[in-house]
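Form predicted alone, single chain, as structure tokens, below.
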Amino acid sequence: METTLIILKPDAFAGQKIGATITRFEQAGFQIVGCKMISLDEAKLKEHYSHIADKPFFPELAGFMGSRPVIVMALRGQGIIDRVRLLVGPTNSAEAPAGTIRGDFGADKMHNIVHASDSAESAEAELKRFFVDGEIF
């Protein structure tokens, strides 16, 4: 069994897509083993996006991600990282097929409803970044 991180982004709140998005994860058979609403400050955003923090678009991304609370979730299931990536679709919502979360609810590359860990290594680091001991069951 694997565990992965999901972040329901500010546009999921703005578009009232929180329930529909969580429902899709549950209907796919994923177990929610951690869930909380948080605000992302600049330090947490720089840590999470350290691989792109020096890019010219980072301030816009940080402004967007810090504009509203987000929901962070830990999901568990067999082969979940790859299965979640298929369910959410490509990062750019404009290129995501219908039937995927991003294809159905997202608008573009930044406003794409959800972040999902892209590898086992990323999932491990990201889960530790957003959850402390005892918050994942």
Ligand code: ADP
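On a predicted model such as this, the values are computed, not experimentally measured, just so you know. All residue numbers are counted from 1 along the displayed sequence.
Quick note: we don't show the form predicted together with ligand ADP, though the next part is all about it.
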query	finding
Sole residue of K46, K36, R68, K109 within 4.5 Å of ligand ADP in the model of the complex, by heavy atom	K109
Ligand ADP in the model of the complex reached by all of F57, L61 and R102, non-hydrogen atom within 4.5 Å	yes
L86: touches ligand ADP in the model of the complex, heavy atom cutoff 4.5 angstroms	no
Distance check, I52 to ligand ADP in the model of the complex, heavy atom within 4.5 Å	yes
